[in-house]
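You are given structure tokens for the same protein chain in two forms, set apart as structure 1 and structure 2.
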Structure 1
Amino acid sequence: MTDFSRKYDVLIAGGGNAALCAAISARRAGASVLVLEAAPKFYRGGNTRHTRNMRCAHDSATDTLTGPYPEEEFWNDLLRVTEGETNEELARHMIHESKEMLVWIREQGVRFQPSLGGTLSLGRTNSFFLGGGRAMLNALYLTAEGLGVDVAYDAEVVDLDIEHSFFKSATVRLGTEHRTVHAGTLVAACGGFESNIGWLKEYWGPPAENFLIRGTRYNQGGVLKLLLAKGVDRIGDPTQCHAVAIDARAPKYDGGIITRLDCVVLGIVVNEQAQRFYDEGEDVWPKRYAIWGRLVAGQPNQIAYIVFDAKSLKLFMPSCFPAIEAPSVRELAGKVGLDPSALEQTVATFNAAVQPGHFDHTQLDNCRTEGLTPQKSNWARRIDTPPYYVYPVRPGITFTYLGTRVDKHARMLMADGKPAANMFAAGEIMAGNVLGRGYAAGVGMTIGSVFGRIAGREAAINARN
């Protein structure tokens, strides 16, 4: 039973993968633990709800992984996606620990399955959760509660009492009531600020109003803001976020994976004026999907339209909303409020520029346009086979990069460079230490699990001393 008047050894802010791994590891190390989750029970777990796999190094194939993924290869992948914006010591430490994580996380009740349909490229590197991220979370919560970890929902940390680098207590909002909770150590594992439109507007201005948030509305970044204000060193570019183009019909929050669209490379993308604005076939989709959120954010009213024809309809994973369909480009434009003549003109110009070639959507096929600006470098096929289709898209924000600086023990570092006395961080709130930019599938969960486990263990030791 949660007792807010007692002093816990370890107080954990957050309720996702990192928080639960920290809670379990601290509890297994003998500490009393309280988890404060700002969301109600159904929405618990932050972005973990929407994940599906984690990337762990391993030396040989397993029942669910098709082959080895050595530490060095993982490091090279990380170096490539971050373009060097990573802390090598921390990153290598995490990659090394990720090997054991595959075993440890199973011991906490998490189950894996072979890679999902349509994700074969990840079958060797990424371990998929049976039933997805919420199933994984459910398993961690059951284990944590079985071990005697206390969990409070609808419990938002609204203030922190920190003296120099020493955490003393947290003020928690429980419904309309405020309580002060004392604890020996603090683990901040409560994510970024991607759902905080006001904060996003500080960097993006009014266009942020048109952003859709892929996770729940509870990822407000309140604890991150408090920590940075109270002297914890920051890491990561505050203006950056992981943004993809998602179906514009998605709800404002928590549309998750099912609003994504993988068909950019198969058609053309136009803005409100029915004009193209970027090379849709620049590179294979896994390497380019994460630039489209930013590209659409740069267009008027932050909206764009993916236009394609009947030839492409069955070449990509269906999304949760049906494509808008019409027998002609003209009628298609009318259905989504684009200027019919302008769209016809754009399609005609594009079609005229398409060069002959052998279309192959499974690889760079050099089917391209000639004399068109911007050009389409691959998979350029005439849009000429009815029915025609369009998906409206908007920027979908997945996570933010701003965070707290930590050392390899997940201990926060203060702005003056000194380690915090009793404060640790894990998960998205410190992901910027390892993932300064870019993204590789499943890395967020690796950061959460590995640093969560470390933070919990270290916090338990810290609380004892």
Structure 2
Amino acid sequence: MTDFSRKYDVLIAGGGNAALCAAISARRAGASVLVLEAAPKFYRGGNTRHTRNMRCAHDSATDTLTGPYPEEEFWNDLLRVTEGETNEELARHMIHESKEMLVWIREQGVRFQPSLGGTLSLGRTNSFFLGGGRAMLNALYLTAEGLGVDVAYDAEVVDLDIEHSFFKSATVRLGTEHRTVHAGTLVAACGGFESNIGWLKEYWGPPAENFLIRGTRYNQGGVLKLLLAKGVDRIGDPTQCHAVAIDARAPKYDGGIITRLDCVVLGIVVNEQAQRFYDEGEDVWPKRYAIWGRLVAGQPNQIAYIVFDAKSLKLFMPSCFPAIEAPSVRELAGKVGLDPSALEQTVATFNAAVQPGHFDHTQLDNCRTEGLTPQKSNWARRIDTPPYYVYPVRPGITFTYLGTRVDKHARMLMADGKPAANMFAAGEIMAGNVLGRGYAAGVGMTIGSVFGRIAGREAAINARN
């Protein structure tokens, strides 16, 4: 039973990967720690429940990675996907610190599986959790609680007492009652605001109503809003986010990884006018999959359709929903409400533009189109082998990039540019420091793990002082 009358050294708002890494790090540094998770115990862990892997720099192959992934390559990958919209000092610091994470996270009880191949192209760069994100979470909770970390569920932070950048206490809603919790330091590790449709509509307008939320419904952004209102400096474009194309038949919340579709590169993507609108083969999928949510969000009624044929059916990881099938392109269009003649024309125009080449779905192959706008730069093959397939897709929002500005010690910075006295942040709530735009697979978990560990350690030191 949590003793809310006690003053803890470190109070952590959040219950996912970043929060648990912070809690374990702070506790191992000798601090007393309370974790406040807004969700019920069954739904604990925020978006971490749905993750599969993390990206870390490493100098050589391991038992779960097929080769080295140097810091400079990691940096160049991040620079490319963010198009330079990143804090280089923080990003390079995160990448350097990530080299220790594969060992440290294992020491906390997390296990990894052998590397994966195929279209994911992540066997060398990303380590996959054995049992997925929920198994990882369970291991971290087991370790944290074994170390003496206190955890309260259904515990939503609804107010913060902050004076002159100094955190004093948090007001926590526990069912129908409110309690005040005092602590020496605060670590905010409670995600973004992607589940708050009203807040999303402030920046996206009515289209936000059609967004699907891949993860938890509990990331409402309440703590973020409180911190920004109380003088913490903000960072990030509120319209930028980790947004992927997911099966349009997915639930509004918590569809998770099994609703993601990895077949964009193997076919064409059309809007509800049956027109293509972007290069499906621009780059390997882990470096481009997170742009497709925003692309679909920009189409009429925020819906699109991935069209491919029998040649590609077994080359990707499918959604939990079956692809819609038909013996002809015309019949396929009718099954999803597209104009049959328009889709036939789009497919015929695409097929005519495909150039000869050696197709290889595991790497950039330069199988391209010519004389087509937009072009397809890689993996362009004629769509001509029945049966034909289509997946309807909508924007699937994972997490938002508007957040709190931090320094390399994970300490929050105030709007006047000075560091907060005793407030730290980790995970999605500060991801915008590293991710100004774009995404590379596994980087969210890297941000959470690295800055969570740093935030916990620094918070413990701060509390002792």
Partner chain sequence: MHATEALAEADRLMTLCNSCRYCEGVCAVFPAMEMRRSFGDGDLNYLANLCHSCGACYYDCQFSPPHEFNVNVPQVLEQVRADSYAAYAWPGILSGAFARNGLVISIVLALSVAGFILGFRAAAGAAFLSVETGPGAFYRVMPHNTMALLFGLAFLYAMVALIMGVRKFWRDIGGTEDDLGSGSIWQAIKDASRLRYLDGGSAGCVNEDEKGNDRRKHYHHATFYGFMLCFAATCVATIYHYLFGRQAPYPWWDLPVVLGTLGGIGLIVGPVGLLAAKFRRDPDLMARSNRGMDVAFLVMLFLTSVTGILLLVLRATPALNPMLALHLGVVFALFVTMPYGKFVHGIYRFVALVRYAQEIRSGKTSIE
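What we label the rigid core is the largest C-alpha set whose atoms superpose within 1.5 Å from one form to the other. Residue numbering: structure 1 sequence, from 1. Since this is a predicted model, take the numbers as computed values, not measurements.
- Taken from the form predicted together with its partner chain is structure 1; the remaining one is not.
- Positional change of Glu280 between the two structures reaches 2 Å or more at the C-alpha, relative to the superposed core.
- Once the cores line up, the CA of Gly231 ends up less than 2 angstroms apart between the two structures.
- If you fit the rigid core between the two structures, you'll see the Cα of Leu338 move by 2 angstroms or more.
- Comparing between the two structures on a rigid core frame, one finds that Leu266 has its C-alpha moved by 4.5 Å.
- For Pro356, the Cα deviation between the two structures after core superposition amounts to 8.2 Å.
- Here the rigid core is superposed, and Leu313 then shows its C-alpha moved by 3.7 angstrom between the two structures.
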